[in-house]
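Presented below, as structure tokens, is a lone chain in the form predicted alone.
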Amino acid sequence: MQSPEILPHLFRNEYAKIVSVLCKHIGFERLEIAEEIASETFLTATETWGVKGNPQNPTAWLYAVAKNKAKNYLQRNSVFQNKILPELTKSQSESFEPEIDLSPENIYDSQLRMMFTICHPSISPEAQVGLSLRILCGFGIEEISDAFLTNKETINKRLFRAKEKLREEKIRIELPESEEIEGRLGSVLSTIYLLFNEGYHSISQNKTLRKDLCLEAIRLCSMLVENTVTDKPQVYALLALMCFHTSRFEARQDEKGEQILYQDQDTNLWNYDLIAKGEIFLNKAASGTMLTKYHLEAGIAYWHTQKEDTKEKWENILQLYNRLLQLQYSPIAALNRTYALSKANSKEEAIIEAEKLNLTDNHFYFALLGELYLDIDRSKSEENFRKALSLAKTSHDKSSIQKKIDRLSK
């Protein structure tokens, strides 16, 4: 891979690691300096590799340059001279040279600490997801604004305010104490869950699915289960949920990027290795007595990975939805429940329950009604599909719905 191709790949993978390690070393209050050093490192790579070609070990080259730039900053910075150096010289020799540790162990530890820092409950969930995309996943401002369907200026302001808030609160880059882990873990999992859903139900970049966002969410959650302090049942439940959903990615959209409904998916395209991993994580999530929405959603997603279209399957899904709505009501979960109801009981019963929801600003609501009415009342089916078409946001969704209308018109 040559420099034009390899640098974007390395930026996505290494930028966030460098920023996290530097922030752990110099403090979150100097986040912008860490980002500047990381950005300058990639700028130097662009200039140097363009002339001399790629180094033998590009990642090691980036780490070496980042280390040198960080050392230069620390050595010339007045903060270093006035505050850090006097403290350090108490215990070290006169020829002090700051050590920037970019070992795999320290990168992992730095990113885990950073995750808890930027998912602090003092800032909004939207800001937490935005900072996660920027600092933990290496996304550009334009990519983040695409994900949130807004402009770059809004995202810049949102991230700036979030950083200022974290500085004002003097949030340190560290793992919470063991007695605080359970409480703080909730915010971290919510951020990862939102990040995954942003990719799984994407309407940004005119795509119905953004795998890059989903895979980043899985990577962050995997970091949590690898640590003995954070490998809690609810973390395993969320990871299981994401594995089950991800296992059907290839079957969920066609070659044009249009969504394929569950009942029309080619099960040969499902990833059975990921399904097996999800089952392992779901079993680990069952330890203890805690029951979260992640457990119930993982259970629902598990049954959707079972190929056989049995009554038992849909009754289990229906019961899990019932418990989910009791635990934490959501109109979308209630809408999804009606599909399970149609499979477990009847379409007529499902239509009655769906129409009670009256989600008239949601194209999925009308699309589902269109499907439910298909074999009962074709004119009502078409009427609902047309309403869904008027509300659909992506070209792929519009195309998929239009095809259903065309088939009904024949």
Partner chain sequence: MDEYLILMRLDLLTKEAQPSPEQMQVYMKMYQDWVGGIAAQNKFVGGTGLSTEGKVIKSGQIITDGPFAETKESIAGFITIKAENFEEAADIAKACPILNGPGNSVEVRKIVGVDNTR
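In this text, the rigid core denotes the largest set of C-alpha atoms whose superposition between the two forms falls within 1.5 Å. Nothing here was measured: the structure is a model prediction, and the numbers come from that model. Numbering follows the first chain given and starts at 1.
One more form of this protein exists, namely the form predicted together with its partner chain; it is left out here, but the text below deals with it.
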| request: Report whether the minimum heavy atom distance between residue 376 and its partner chain in the predicted bound form is within 4.5 Å. | output: no
| said: Considering non-hydrogen atoms and a 4.5 Å limit, does its partner chain approach residue 323 in the predicted bound form? | reply: yes
| query | With a 4.5 Å heavy atom cut-off, would you call residue 272 a contact of its partner chain in the predicted bound form? | reply | no
| said: Using a 4.5 angstroms cut-off on non-hydrogen atoms, would residue 345 count as touching its partner chain in the predicted bound form? | reply: yes
| note | Of 163, 210, 337, 245, the only residue with a heavy atom within 4.5 Å of its partner chain in the predicted bound form is 337
| task | Quick one: from 75, 319, 154, 267, grab the residue that has a heavy atom within 4.5 Å of its partner chain in the predicted bound form. | result | 319
| Using a 4.5 Å heavy atom cut-off, are 315, 353 and 357 all in contact with its partner chain in the predicted bound form? | yes
| field | Answer range among 326-334, 210-218, 106-114, 173-181 for contact with its partner chain, defined in the predicted bound form as heavy atoms within 4.5 Å | value | 326-334
| message | After core superposition, I'd like to know whether residue 354 moves between the shown form and the other one (criterion: C-alpha shift of 2 angstroms or more). | response | yes
| Core-aligned, is the CA shift for residue 365 between the shown form and the other one 2 angstroms or more? | yes
